[in-house]
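First, one chain by itself in structure tokens, the form predicted on its own.
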Amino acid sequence: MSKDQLEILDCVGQFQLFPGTRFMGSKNKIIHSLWGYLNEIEFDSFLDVFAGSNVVSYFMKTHGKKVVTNDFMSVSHYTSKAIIENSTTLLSETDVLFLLNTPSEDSFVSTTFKDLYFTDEENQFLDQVRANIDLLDDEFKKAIAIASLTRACMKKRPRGIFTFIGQRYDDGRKDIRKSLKQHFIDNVEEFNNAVFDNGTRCAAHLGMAQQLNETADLVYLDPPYYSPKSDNDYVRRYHFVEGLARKWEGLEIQEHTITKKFKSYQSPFSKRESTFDAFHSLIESHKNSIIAISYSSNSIPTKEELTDILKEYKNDVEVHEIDHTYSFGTQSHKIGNKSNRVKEYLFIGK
């Protein structure tokens, strides 16, 4: 076996070290099915316009592609920065000790979110570590630290979301019993292990898809799915970790809400009347690239409508149904509800 072949095998094995989460819409369970179709396309560069959990981009990086990511959520962006754009930098044991042991007078989390999601001691821990992260002198170390801290919060939290307060839905998982501090330490190790160099210059962007000025051989679109049967508001689910990533800078906390969420980001995919125009705009802006779109069967536009939109800009359009059925909802009244079950589609325009 040649040296090049061994290096490819090493990169593919690296994918097993991806620090996954139960992030809404993550393609972790169907990534190999997606690859079965995308692998038939010749491409060297890959643009992930809605990076989300980053599992698709990380997979592409392990396969030697030059990857560029984008997302409007900072919590997603810092993961991209930590393990997609970053190829060599690690957060050292000295760095971790600095974050854990350097006193801080910050108290925003302790004051604003008292008795909502974590204990007083855990809130103080978050205030201290987040303040100290800003004192690190390297952008990639900061990214690993923020990604580790936000993932620690999600793993410690029942269902990994922040749409409710207290410990409702506590299912006794070991992650819920583990301290937030230990979660952070463990996550730093996981993110460090996920850092590798695939020989290309990858990049991570933070912003709205409509303002992204990047291109690639293959452009992948996995936008929030608009559906009358479920909401696609990522901010509502992850507002706490998104705020923590940004230190709530420029965010308007809605004090009247029980969860102390902040005002959601405006997205054209959040409304039925604007999602069609949003698809037209995005596809037109990337019409010179091969376009792949992930979408679900109970979303709007429908399979037929999205196919027609793509055909306005591409001569060759394929639609594949991924052999995977899942449910948007995990609430007890939704489990087993056949009307809530959907199929995943992959649209490819060449």
Ligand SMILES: C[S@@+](CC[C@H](N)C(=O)[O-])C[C@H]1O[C@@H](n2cnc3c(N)ncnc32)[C@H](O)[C@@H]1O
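Just so it is clear, the structure is predicted and the values come from calculations on it, not from any experiment. Start at 1 and count along the sequence shown; that's the residue number.
Only in words, not in the display: the form predicted in complex with this ligand, which the text now covers.
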*24, 55 and 70 each touching this ligand in the model of the complex (heavy atom, 4.5 Å)*: yes
Assert contact_stretch over 218-226, 192-200, 177-185, 114-122 against this ligand in the model of the complex, heavy atom within 4.5 Å, equals 218-226
Interface check vs this ligand in the model of the complex: of 90, 208, 100, 253, the one with a heavy atom inside 4.5 Å is 208
Please tell me whether any heavy atom belonging to residue 234 falls inside 4.5 Å of a heavy atom of this ligand, as the geometry stands in the model of the complex. yes
Open item on the list: Since only the chain is shown here, I'm wondering whether residue 268 would be in contact with this ligand in the model of the complex (any heavy atom pair within 4.5 Å).
Closed with: yes
query: Could you tell me if residue 50 has a non-hydrogen atom within 4.5 Å of this ligand in the model of the complex?
result: yes
